[in-house]
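Only one chain is included here, represented as structure tokens and corresponding to the form predicted on its own.
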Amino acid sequence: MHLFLQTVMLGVLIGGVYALLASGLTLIFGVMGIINVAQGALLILSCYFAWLVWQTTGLDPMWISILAAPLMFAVGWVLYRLLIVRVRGAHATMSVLLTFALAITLEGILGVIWTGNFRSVTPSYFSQSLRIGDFFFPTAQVYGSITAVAVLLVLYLILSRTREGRAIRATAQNRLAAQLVGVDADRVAAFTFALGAATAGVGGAILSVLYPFAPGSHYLWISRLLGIIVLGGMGSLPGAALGAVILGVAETLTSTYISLKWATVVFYVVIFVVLLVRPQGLMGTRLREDVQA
């Protein structure tokens, strides 16, 4: 029973990090209807930024995440203005193709600069554990989860307490109605895409400590993030958080009681089972589309 409880708590910790990683992707889809396949590549880009700063200065990666957020916000804003705006309002396949091309481009640039070798950030507490009662937790996972939850709270405050946040929520609920009351949909879309990139900035800095990474690692992460937001409900931030925790717990339980090799498989088995019961995801809503013949 003790092992089971510790495994579940470890799953919740990693689920908190997954929730942050998926938040930007589901936010962009909810507001813009764009599936940003390049989100995984932006995560890896931030991983390399964290690794470079850590190698140069020795700064703790959790503090580096604070630096990565505004940097990746600026990167997201530029990418939107240069590329994403051109497919805004087009069919969803266009955004998928464009962002996939962007992901491949970023992978190639990172590969040229840093080759395809795996790297990781290993601060002084990398191999340490924290003891809480009878339970032991990897220090890096604890710090990463705390940082992720703190950023999610900041994101919640932005969305609920600021003018930009209210504009984002209004646009996500009904874009046409938001425009009718004076919301600049293009400005909101740019801010949302940049905000999604900023969450990738923080998430990438955390990820650089928890997992080794290489330029091609973005394939693994975008598949996981898409699985999380589909499970939680496309466009739902609470759904993404719930789905992330469920999948984090399922992954750690499988690694502990079955085999590490099956951890990735069970990730998608859980999604498959849930979607059989709720095709719209755990907290998604059914959409009714009337098609005129």
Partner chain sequence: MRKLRAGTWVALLGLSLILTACGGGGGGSSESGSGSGATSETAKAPIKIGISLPLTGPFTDPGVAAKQGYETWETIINQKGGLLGRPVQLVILDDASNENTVVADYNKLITQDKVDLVLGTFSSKLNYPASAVAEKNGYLYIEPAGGAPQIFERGFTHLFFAQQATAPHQADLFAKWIGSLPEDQRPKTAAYVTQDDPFTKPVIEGVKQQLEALGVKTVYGLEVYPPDTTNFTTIANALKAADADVLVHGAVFEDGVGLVRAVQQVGYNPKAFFQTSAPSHPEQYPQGIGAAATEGIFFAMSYSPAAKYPGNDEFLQVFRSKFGQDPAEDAADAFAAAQVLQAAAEAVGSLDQDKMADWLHHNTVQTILGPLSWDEAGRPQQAFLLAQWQGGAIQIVLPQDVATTDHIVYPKPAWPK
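Residue numbers count along the first chain shown, from 1. All values reported here derive from a predicted model rather than from experimental measurement.
Below: the form predicted together with the partner chain, not depicted.
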Considering the partner chain in the predicted bound form, which of 197, 209, 148, 222 comes within 4.5 Å of it through any heavy atom? 209
Although the partner chain is absent from this view, report whether residue 100 comes within 4.5 Å of it in the predicted bound form, heavy atoms only. no
Can residue 10 be called a contact residue for the partner chain in the predicted bound form at 4.5 Å between heavy atoms? yes
Can you work out whether residue 117 and the partner chain are in contact in the predicted bound form, taking contact to mean some heavy atom pair no more than 4.5 Å apart? yes
Hey, in the predicted bound form, does residue 121 get a heavy atom within 4.5 angstroms of the partner chain? yes
Out of 189-197, 88-96, 212-220, 73-81, where are the residues with a heavy atom within 4.5 Å of the partner chain in the predicted bound form? 212-220
For the heavy atom contacts within 4.5 Å of the partner chain in the predicted bound form, list the residues of 137-151 involved, in sequence order. 138, 141
